[in-house]
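Starting off, we have a lone chain in the form predicted alone, written out as structure tokens.
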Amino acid sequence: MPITDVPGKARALYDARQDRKPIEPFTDEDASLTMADAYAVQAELTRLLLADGDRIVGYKVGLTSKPMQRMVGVDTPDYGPVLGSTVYRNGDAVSLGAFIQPKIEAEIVFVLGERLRGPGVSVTDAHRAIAGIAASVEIVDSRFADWRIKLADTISDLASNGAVAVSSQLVPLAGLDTRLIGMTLSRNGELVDTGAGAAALGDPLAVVAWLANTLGEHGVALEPGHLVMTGALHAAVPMTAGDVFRADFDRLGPVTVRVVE
């Protein structure tokens, strides 16, 4: 019997996360699923995860590059919460068994120093509220089979968030042009891809402003200490056990994760 209700969809995703078994995309059964429907599913899924004792430590923004937006057929980013249980430190080992079909993306992350709430947040406001910037990688994962996702699917699934690893080096924004921060991603010492901050909505700071304004429409604010993951700067790279990934960012330094069984 098709799952058609918000609680049912959220429970199906919750179970998929627990069992590490993918499910069929919701849009296969219901092509009319809207962004509003999907965010309702996301909210219910988040409620279930918080009930287990997790907590929201920030937000990820996805679909911030034009190629990704064209691939999904949208002209706007999406977002999802970052949960405390999914945050790793630089150099940590990440278990492949914690995910279903993980891929890795190098991203610029901001840490909030002041409360930021939309509407009306500008890039200047975002700059003022940020305590610092750091190197990070996001592990994206999909609870839907074979990554066969449309926009409503990925939004429902916490914007395909799996985990994040964040450098402990927090760099002040003063004197930095975040658009020009370049990065390289290597796997086992071999260059995989490159990117720059401008790939994220033209400026990663614009991502923070967009997020604050979008959350503000729902009465939610970015709080001091919150992480804001600003989107991939290159194509996502599949992970396998034994891989060591290192992302090196201009001015921000490196962040490394080791993939284990």
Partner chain sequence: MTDAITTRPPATGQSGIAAQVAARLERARTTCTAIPPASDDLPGLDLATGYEVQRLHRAQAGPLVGWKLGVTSRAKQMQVGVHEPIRGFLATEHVLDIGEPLQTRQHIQPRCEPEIVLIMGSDLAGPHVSASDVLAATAAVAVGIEVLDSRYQDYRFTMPDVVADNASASRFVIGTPVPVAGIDLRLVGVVLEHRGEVFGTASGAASLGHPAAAVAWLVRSLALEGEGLRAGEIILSGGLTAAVPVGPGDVVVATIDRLGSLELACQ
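These numbers come from a predicted model, not from an experiment. Positions refer to the first chain, counted from 1.
Keep in mind the form predicted in complex with its partner chain is missing from the figure; the text below concerns it.
J.: Using a 4.5 Å heavy atom cut-off, which of 116-124, 93-101, 134-142, 173-181 contacts its partner chain in the predicted bound form?
T.: Only one stretch qualifies here: 173-181.
J.: Residue-level question: is residue 47 within 4.5 Å of its partner chain in the predicted bound form, judged on heavy atoms?
T.: Flag for residue 47 set to no.
J.: Within 4.5 Å, heavy atoms only: does residue 250 come near its partner chain in the predicted bound form?
T.: Taking the distances in the predicted bound form, the answer for residue 250 is yes, it comes within 4.5 Å of its partner chain.
J.: Though only this chain appears here, would residue 56 touch its partner chain in the predicted bound form if you measure heavy atom gaps against 4.5 Å?
T.: Looking in the predicted bound form, residue contacts with its partner chain do not include residue 56, since no heavy atom lies within 4.5 Å.
J.: Taking its partner chain as it sits in the predicted bound form, is residue 61 near enough to touch it, meaning that at least one heavy atom pair lies within 4.5 angstroms?
T.: Close contact is absent here: in the predicted bound form, residue 61 is far from its partner chain, nothing within 4.5 Å, heavy atoms only.
J.: So its partner chain isn't shown here. In the predicted bound form, which residue out of 205, 211, 199, 41 has a non-hydrogen atom within 4.5 Å of it?
T.: Checked against the cut-off, the match is 199.
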